[in-house]
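Listed next as structure tokens is one chain, alone, in the form predicted on its own.
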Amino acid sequence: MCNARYLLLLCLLAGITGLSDAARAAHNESCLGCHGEKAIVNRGGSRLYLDPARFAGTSHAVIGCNSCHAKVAASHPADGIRPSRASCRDCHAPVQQEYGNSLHADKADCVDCHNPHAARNHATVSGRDINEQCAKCHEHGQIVGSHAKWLPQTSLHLDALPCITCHTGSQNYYITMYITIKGNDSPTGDFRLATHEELARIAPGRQFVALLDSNGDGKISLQELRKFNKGAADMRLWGMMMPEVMTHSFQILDNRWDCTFCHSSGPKAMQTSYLAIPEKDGRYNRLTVEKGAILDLLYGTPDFYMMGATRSHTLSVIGLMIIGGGLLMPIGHGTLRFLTRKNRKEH
């Protein structure tokens, strides 16, 4: 499945449209000359407006507007003819076949969930962005109510998992950490996902990346996580368990009812983690986190705890010392009595 998608993308990028990168960029710029201006909303509705900066960060911007809208007359829009639109199946036939066998197949079409002008790889969006797509049909209160029948601390679980983690067939998972900030408009001081603009105000430019990646090597170490957590009073890291491969095989899987699917000791999924940095165009850029650092409760991510998986080296040492001390007393006492048994018999 993945190879098929990769080949399709390569074909598109290689030039199904017959355009070079420069030509595609020029064509996009020509279209955005009108569709990138908010004034077009007054002429034809909000659906015609595209934010140029955000569209530039989408998957479809790479292949060019005329890959999907091949027939646009030179006199457009004066001719009044609506440009042609490609079918999703033209490029995503394997995905549609997979989706056609899922529980959603007869309930929603591609565009019911996906805006083709905002299409992004799932690794470049947040888990909450993904859940917002599901919330178009599945009202949050109803989801909480149905899951609360069997899932303890339901709201907490649903906030730490995108729906696709449990309801698609991906086999491999990782933890993505997002920067959250304290909401100024909330009297309770609740934390929410930080935007690029908010972080840029805290540290101008892209200097906010250095708040975590202090040595600039593009990787986040346990030491850097510890430094950030000690110094950032109004910022926290929020973790979500994400599928490594996005599938469209929406289904109800029996093993997701088993707590050990997530809460098992030292699972491989929890050892791999990333820090997601919000970019100006709406995407998230990922920085690799030191393997296993995410599971260090005291020094790594004190606000991220996964029972059965999260560990603290310091607490482990203290625990071993307590166990060792507890064993030392009876063993030492028994050994001493054994060594002094003759002397005690004489007296």
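Computed from a predicted model, the values in this text were never measured in an experiment. Start at 1 with the first residue shown and count on from there.
As for the form predicted together with heme C, it is not shown, yet the points below apply to it.
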(request) Find the only residue in N131, N229, S214, S170 having a heavy atom within 4.5 Å of heme C in the predicted bound form. (result) N131
(message) Considering non-hydrogen atoms and a 4.5 Å limit, which listed residue (Q96, Q223, T272, T180) is close to heme C in the predicted bound form?
(response) Q96
(message) Only one of these stretches, 149-157, 215-223, 273-281, 201-209, has heavy atoms within 4.5 Å of heme C in the predicted bound form; which one is it?
(response) 149-157
(message) So, L193 and heme C: in the predicted bound form, are they within 4.5 Å at any heavy atom pair?
(response) no
(request) Although heme C is absent from this view, report whether H248 comes within 4.5 Å of it in the predicted bound form, heavy atoms only. (result) yes
(request) Would you check, heavy atoms only and a 4.5 Å threshold, whether S87 touches heme C in the predicted bound form? (result) yes
(request) Give a yes or no for R286: in the predicted bound form, does one of its heavy atoms lie within 4.5 Å of a heavy atom belonging to heme C? (result) no
(request) Using the arrangement in the predicted bound form, list in sequence order the residues of 96-111 with any heavy atom within 4.5 angstroms of heme C. (result) Q96, Y99, L103, H104, K107, A108, D109, C110, V111
